[in-house]
Structure formats: C-alpha cells, structure tokens
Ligand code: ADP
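Just the one chain here, laid out as structure tokens, in the form predicted alone.
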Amino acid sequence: MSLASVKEIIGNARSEGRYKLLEHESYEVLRYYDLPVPKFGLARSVDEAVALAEKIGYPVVLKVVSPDIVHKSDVGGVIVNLNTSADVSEAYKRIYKNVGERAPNARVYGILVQEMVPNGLEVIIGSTRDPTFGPIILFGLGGIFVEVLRDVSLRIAPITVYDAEAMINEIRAAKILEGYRGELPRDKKALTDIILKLSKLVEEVEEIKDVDLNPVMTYEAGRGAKIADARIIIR
C-alpha cells in the first residue's frame, strides 16, 4: 500500500460517481496511515467469507457493502458476534436475503468480514475540511456525550503532540478517561497517536472532505484503542 494506492481508491470512487468510500476502502486508507483498524476483508461468496473469518479469528461481524445503503442495520445488513464457520455461512446468506427484500435496488459489492472489536470506552475522532481554515480535527467521548452534550474539542490541522493531548484533556468529561468509580484510566497515549495520524492523513490527502471514526474503543492504559467503524467522505 502506498499514497498512490490511496489516491487510486479515491479515484475509483469518483469514477463511479461516489463521494463516500465503502467501508473496506476507508479501512485501507486508514491502514496506510497506521491507524488501528480492525482486521477485515471483503467476501464475494460464502466460502470467501468463511475463509476470511477463519483467518481473522472469531468472533467476527458481517456487514453488507453497498454504496446505496446508508444505514446497514435498518435493512438487516449487519450481523454481529459470529463464532463459527456455520454462523458465518448462515449470516452471509441472511444478509443477502434481508437486503434483497428491504433494499431490492441496492447495488451490493460483497460482504465485509470484520473482527468483532471488544467493547471499551467509546470516543469519537474525526475531521472536516473548512473552506477557510482547511482540515479541522475533532475529539470527544462517544454516545450521549457527543450526541446530546456536544462535549467535543477542536483544532486546526496540522496539530502537534501538545495540541492532541490538550484536546483530550479539555473536554468536560475528561475525568472519565482518568478512571472513574473504580474504572481504570484509559490509554490516552493511544488516543493522542490516532489524533496525530488522522491530522497527517487529512493534510496529505486533500481529496478527503470528512472523516468520522466512531466509535473508537479505548482500553485501559497500555492496552491501546481500536477503530470499530469508519466513514470517509471525499470532495
């Protein structure tokens, strides 16, 4: 994988009239920048899905890959916590059946087989490209904190380690990351690393408009963090 490969992924999307990368494409772009994406692969048959699941290791998640479906869960396009090859085989067929019934006109490129990311403290890390200031980086806790309280911090890229650490520490809910009511402190070093790498990505790839890493599961100090879902919008 190279920067040219990243540009090729974006070019292919544009040639198809798409402004949103498919999930496996987003993961490929993020992986080039060494961001902690889950293990994944695109399957176009039951046998491929089972082989990928065996390679990734159980449990896995299956998700429909379609440029025409915005909310995969609404059409039965996501099945989680699959633990055997039989589970994967049945889930693959069920997703195609669900989508055929609920979104019959949707183009389906295949099924994403993805590592089931362990639960952790959910945070959101993202970026949007402002017409005046350029790329802006966002950090906040996930769930109700971002949806209801709008508890986020912002910086204009490029950002430094100091900026990234300040973003993490200045949200109102920052104490939760320190350890709260018996919970152990979370891995702020891993979050700093993700913020810095995202800043580099959006600086270097000007074709990218928005990035939404949500949720990013954050584990105890020293155990890192992992992106559980990603969305990339191109200009």
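Everything quoted here is computed from the prediction, not taken from an experiment. One rule holds for the numbers: they count along the sequence shown, beginning at 1.
One more form of this protein, predicted together with this ligand, exists but is not displayed; see below.
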Next item on the list: Just give me the single entry in Val80, Ile156, Leu149, Ala106 that has a non-hydrogen atom within 4.5 angstroms of this ligand in the model of the complex.
Entry: Val80
Next item on the list: Can you check 132-140, 112-120, 159-167, 97-105 and let me know which stretch has heavy atoms within 4.5 Å of this ligand in the model of the complex?
Entry: 112-120
Next item on the list: Classify Ile234 as contacting or not contacting this ligand in the model of the complex by the rule of any non-hydrogen atom within 4.5 angstroms, answering yes or no.
Entry: no
Next item on the list: Spell out, yes or no, whether the shortest heavy atom distance between Leu22 and this ligand in the model of the complex is within 4.5 Å.
Entry: no
Check: Is Ala228 close to this ligand in the model of the complex, meaning a heavy atom pair under 4.5 Å apart or at it?
Finding: yes
Next item on the list: Mark Lys63 yes when one of its heavy atoms lies within 4.5 Å of a heavy atom of this ligand in the model of the complex, and no otherwise.
Entry: yes
Notebook entry, point to check: Hey, which residues along 60-76 are within 4.5 angstroms of this ligand in the model of the complex, non-hydrogen atoms only?
Noted result: Val61, Lys63, Val70, His71, Lys72, Ser73
